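As structure tokens, one chain now follows by itself in the form predicted on its own.
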């Protein structure tokens, strides 16, 4: 796996990202004609899901015939192309989905290229004893059906492809309908890399127009042995109800606790940096803050010094009525609030304009003081909006933070120098990722140790997925033989 960033380089990238390098840079117009982008025809994208599965099955046969060294050669070229075309995919993603920031999406593609594990993640285990030798190996499932999101479309396709190819699987994608051009650009990139490495022309596949019907074909096809879903609760539930082995990466609502032992200035900067990364699209990003009352004012000042704009409770209520819309279930008649898709991943400046506030581009986050029951606390917005709830002590902070996380067990954060407080919160919240004294993106290896992924499987327990997550264990036993001791 090519991880060639030095600590100084990582710090430099984080710093440049947080400065918002030309956040309003011109974005290429998305001209997706079903077969390609801006006149470029995609490889491996089909009009019929059955044809796409056929191609993925042939891709699986080709991968099975490859040695680990040959797979790694393909993966190496995928990494190279991802680095070279990161900005193109970032521009395309923002243009198509109207979400996020070009500079931040470029950084995410670089992260995927450098820190997604390859074949080195596939390790066999051997046990010998009086009765011989037992070999346990990580084997592919076969053809994997992958559902990808609109929030991190090309990043997820490339990250999943690297891991699934390293594990020896074929892959067919059913991308989010709002990110077809971007997702399928990444599918084309994978196939171009395969051809450059001497592999098959079509290694992974997708469909021109993904729908619920194409997803259902994928779910039911007997050739699909594993389903991997990165998305909202509805699509994750459908995958888990398919009757097949499934890996589900669902929603989160990550809380942040800041106690009175924390470095408050650093905490304020880290929280804003994490919350505003790609306009809060990553599910790991900070979504609500629980701050000790005796440091809350200082924390708010630190946030304002790092690009946050403080609105009043009245303004927060007005903004909430815009970014959340009421929906009635036609079957039950029950009303609920859902996020306004036109507001997801938008710049703070754009959201503030909706309530009549005009600010400069340096403002990258909207903060407000609320109570625990406010909609901003209870709903995962995926917008650079951050509610702050004052608490008396660590007991109240942990109680409210755990409730706000809603049992998703996805991600949580804390800024503190008190080991006991950190330990208590980590044990109580039980999240897949727990980040201490750093921005949220450290949890996926950006400025932190460890590999990266954009498929964080909390509901099904795989956690920070990698190549080994897409394997099944096979055992070979040689009884009373091949032990040389």
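Treat the numbers as computed from the prediction; the structure is a model and nothing was measured. Positions refer to the first chain, counted from 1.
Here the subject shifts to the form predicted in complex with a small molecule, a form of this protein not shown in this document.
Of the stretches 167 to 175, 187 to 195, 288 to 296, 361 to 369, only 167 to 175 has residues with a heavy atom within 4.5 Å of the small molecule in the predicted bound form.
Proximity of 71, 140 and 466 to the small molecule in the predicted bound form is absent: no residue of the three has a non-hydrogen atom within 4.5 angstroms. In the predicted bound form, residue 425 stays away from the small molecule, with no heavy atom inside 4.5 Å. In the predicted bound form, the small molecule lies within 4.5 Å of some heavy atom of residue 234. In the predicted bound form, the small molecule sits beyond 4.5 Å of every heavy atom of residue 206. Using a 4.5 Å cutoff between non-hydrogen atoms, residue 125 does not count as a contact of the small molecule in the predicted bound form.
Distance criterion of 4.5 Å from any heavy atom to the small molecule in the predicted bound form singles out 382 from the list 258, 94, 348, 382. 211 is the sole member of 211, 336, 332, 241 with a non-hydrogen atom lying within 4.5 angstroms of the small molecule in the predicted bound form.
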